[in-house]
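This document opens with one chain alone, in structure tokens, the form predicted on its own.
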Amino acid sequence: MTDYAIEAAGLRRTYRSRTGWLRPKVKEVEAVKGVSFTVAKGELFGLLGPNGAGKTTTIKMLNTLLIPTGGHARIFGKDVVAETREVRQRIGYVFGGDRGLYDRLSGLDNLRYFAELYGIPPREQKQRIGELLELVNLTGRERERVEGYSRGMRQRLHIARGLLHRPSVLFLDEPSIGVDPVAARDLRRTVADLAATGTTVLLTTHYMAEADELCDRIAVIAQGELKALGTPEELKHHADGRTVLEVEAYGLEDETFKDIKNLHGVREATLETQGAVQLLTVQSVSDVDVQPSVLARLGGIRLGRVAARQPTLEDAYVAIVAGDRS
């Protein structure tokens, strides 16, 4: 019996597309380029990366929805290609979004329906569904139609559905996407409770605070390659020797942003729009105070909060994805 719940060794996935009609050309895109990692039994493992990095493709190869172009993967020692049936009996898959549930049925009827599909004996269904409703905090709301559920409630019902057949490994692909902060907190609590029961969880997310709070270890994928692997605290070391400056701005233009990125001492800079406010985040080497230079470039622009702070996991993630390991 293997010591690992998940083993990925040199996973590759290439997509082919045709363009043109009279003289068609075949184009190959390598979405995943030799990714390798292992996940221990009962571990809560995070898979992070920007859009298009290869996260979902990797998950789909691990859960038998895509055949790898190269390399191999195993779930509890079972090969995902040669032993697909055995693998599917041991895994559950929950993806973000509203698909996969029947809106006009109640939450309870949805779970009963999927329990039948999973082949769960009728005598076991009532107890199992009751346990899961309690786990995802939907007890008392199970007889309501799903069309009246909030997005957070739908996601918790998705998780319950994915756990009906008692999988040893649960894949959670961005479960909190589009969920409000209160519902996201409830989801994190549900995931933490789930991992505490011994289920192995592989989680993809764009929310660094979520990964920092939940994950035992994290792998960062960018451009189809594994860029970093370790505990949240280990990954934070990628931002060692840096300070972070945050500035709220109104009307910062692209040309000014480019000038700031090129300032002496600046390692990375990002600009995020939050409603009417632009949040400028500047990472710099710790022995260079870039604040005066940054504020000078922002002269004439209305500013809000200006604050310096120590790096977080999100800052380390930005450094890793940018390929700067210093």
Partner chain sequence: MRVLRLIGIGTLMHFKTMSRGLFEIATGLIVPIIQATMAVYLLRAGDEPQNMVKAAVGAGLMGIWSSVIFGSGGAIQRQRWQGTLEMMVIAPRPLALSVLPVTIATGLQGLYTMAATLGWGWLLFGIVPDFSHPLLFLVAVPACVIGLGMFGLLLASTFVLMRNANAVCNTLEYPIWLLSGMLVPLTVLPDWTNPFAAILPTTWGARAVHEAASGGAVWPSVAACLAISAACFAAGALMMSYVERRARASATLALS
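Residue numbers count along the first chain shown, from 1. By rigid core we mean the largest C-alpha set that fits within 1.5 Å across both forms. Here the structure is a predicted model, which means the values were calculated and not measured.
The form predicted together with its partner chain exists for this protein as well; it is not shown, and the discussion that follows is about that form.
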With the partner left out here, check for me: in the predicted complex, does some heavy atom of residue 250 sit within 4.5 Å of its partner chain?
no
Given that its partner chain is not shown alongside this chain, does residue 26 nevertheless sit within 4.5 Å of it in the predicted complex, heavy atom to heavy atom?
no
Wondering, does residue 64 line up within 4.5 Å of its partner chain in the predicted complex on heavy atoms?
yes
Quick one: does residue 76 come within 4.5 Å of its partner chain in the predicted complex, counting heavy atoms only?
no
Is it the case that 60, 109 and 117 all touch its partner chain in the predicted complex, with a non-hydrogen atom of each within 4.5 angstroms?
yes
Position in contact with its partner chain when the complex is considered in the predicted complex, options 88, 189, 141, 217, heavy atoms within 4.5 Å
88
Pick from 238-246, 76-84, 198-206, 181-189: which stretch has a heavy atom within 4.5 Å of its partner chain in the predicted complex?
76-84
Is it true that residue 217 shifts between this form and the one not shown by 2 Å or more at the Cα, once the core is aligned?
no
C-alpha of residue 235 moved at least 2 Å between this form and the one not shown on rigid core
no
C-alpha of residue 168 moved at least 2 Å between this form and the one not shown on rigid core
no
